[in-house]
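Listed next as structure tokens is one chain, alone, in the form predicted on its own.
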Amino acid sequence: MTSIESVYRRLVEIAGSEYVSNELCDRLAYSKDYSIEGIAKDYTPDIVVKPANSDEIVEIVKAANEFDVPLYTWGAGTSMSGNPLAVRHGLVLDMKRMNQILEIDSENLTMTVQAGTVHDEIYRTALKHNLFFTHHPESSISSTIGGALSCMGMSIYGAKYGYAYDQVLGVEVVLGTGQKMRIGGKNYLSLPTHNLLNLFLGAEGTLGIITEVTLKVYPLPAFRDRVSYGFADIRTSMEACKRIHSSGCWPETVYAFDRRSLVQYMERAKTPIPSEVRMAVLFGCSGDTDMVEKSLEVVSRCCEEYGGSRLPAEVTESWWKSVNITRENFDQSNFALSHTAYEPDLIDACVPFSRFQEYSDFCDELKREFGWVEIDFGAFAVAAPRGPIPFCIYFSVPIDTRIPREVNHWFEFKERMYRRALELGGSVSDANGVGLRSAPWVREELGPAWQLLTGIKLLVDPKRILNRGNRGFD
């Protein structure tokens, strides 16, 4: 009997035959996420198991250790970096049964939820209690909180509130040994020594499986409004963002899109973009009405100091609906539904603020070299969690995944882009996950620190069963 057959029998004992499958039709559903990397190789798992609680996960991890079968944690499969893919096949741990909101503590401004809970459910439940859960990604109606916490998890409200893991006060986690532990709690300062909480947040399941999380929530803002401005180039738009920061104004939303990217978002809405705009920034504020109005007045003044021109209200609202995706306006999610012949993927990298324009120019040159001009997608920058100042720049790349040569071009393109980011003193970004997309450059960037990280990995996952072969861990 093979190890896969043996572990299958054990999983049936643990979770029940209804929640364990080795049927190809079930396994194929977990063979690809939203990344181009998922197309390049066969990442079909051998078994899919759907645990009901953390105690079952403990036993599943122990079984994986016993039979030396790798285990990959799956939230909703909305990743764009290949981080949940079964690189060495083995087991996929589908977390969606663990979707309960366990507690809402309005007095202490916390919610405790299981890792498989969908963002939109957390958001809506908070609203019923006059509370605001701040992490609202564009994938909110389908992605899970555990998936967001496994990468940095950026959000449309990130400029004010930060990443997904900035909302975390405590976690329950199962290590690669099968040991379950809880770190943190409801206190905003509850860690007595080293910040062990952040050891597991952003680790994409390589150090432990997040099963439960205690989140920050906030009093619900009374009012929300927004404005967008067009600029001549990246430099002036970024200078305007810095000016807003120095003014003391702190918007909750700052999305900066170049013209090409903005047009991609607006194409289904058929909203005209002024011809002189090369870069546009969407600013959103919340709070009492007078505070929001004053904030947007300051935003407008700072933008106009740097030559910004206010975009029509219909552009602003269409743009907002495109990124603030809910059940009610999903059909207006322009970007997600617009492309059939080409599948866009991202280069996401942090480069020093002063090198944004240089990095963007390099991307344009590279796209011309690769012949990706006629079907060109653009660039955008997001502010989080440094207030109005964008921290990371992204480049959308159009790939016809029906043509193997184009897929191969993508891998060459991204290597040159990431290497250029490192040359500019930049970093691999984790804002959309590292996974398979960016992992080859993690070791290069960390240098000697990679050995430290490997040592931590061996301590919490000595048989390397968690996400084996991903995130640079071979």
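Counting begins at 1, following the sequence as shown. Every value quoted in this text rests on a predicted model; they were computed, and no experiment measured them.
This protein has a second form, the form predicted in complex with a small molecule, left out of what is shown; the following refers to that one.
K.L.:
Determine whether any heavy atom of F67 comes within 4.5 Å of a heavy atom of the small molecule in the predicted bound form, and answer yes or no.
P.N.:
Taking the distances in the predicted bound form, the answer for F67 is no, it never comes within 4.5 Å of the small molecule.
K.L.:
With the partner left out of view, is P390 within 4.5 angstroms of the small molecule in the predicted bound form by any non-hydrogen atom?
P.N.:
Looking in the predicted bound form, residue contacts with the small molecule do not include P390, since no heavy atom lies within 4.5 Å.
K.L.:
Given that the small molecule is not shown alongside this chain, does E138 nevertheless sit within 4.5 Å of it in the predicted bound form, heavy atom to heavy atom?
P.N.:
Contact with the small molecule, yes.
K.L.:
Does the small molecule come within 4.5 Å of any heavy atom of N432 in the predicted bound form?
P.N.:
Yes, N432 sits close enough to the small molecule in the predicted bound form that at least one of its heavy atoms falls within 4.5 Å.
K.L.:
Does every residue of A115, A148 and G205 put a non-hydrogen atom within 4.5 angstroms of the small molecule in the predicted bound form?
P.N.:
Verified in the predicted bound form; spot residues all in contact, yes.
K.L.:
Only one of 396-404, 306-314, 234-242, 148-156 gets a heavy atom within 4.5 Å of the small molecule in the predicted bound form; which is it?
P.N.:
Heavy-atom contact with the partner occurs in 148-156.
K.L.:
What is the one choice in T144, T253, Q264, S295 with a heavy atom within 4.5 Å of the small molecule in the predicted bound form?
P.N.:
It is T144 that has a heavy atom within 4.5 Å of the partner.
K.L.:
With the small molecule left out of view, choose which of A280, A379, C285, I210 has a non-hydrogen atom within 4.5 angstroms of it in the predicted bound form.
P.N.:
By the 4.5 Å heavy-atom cutoff, the listed residue in contact is I210.
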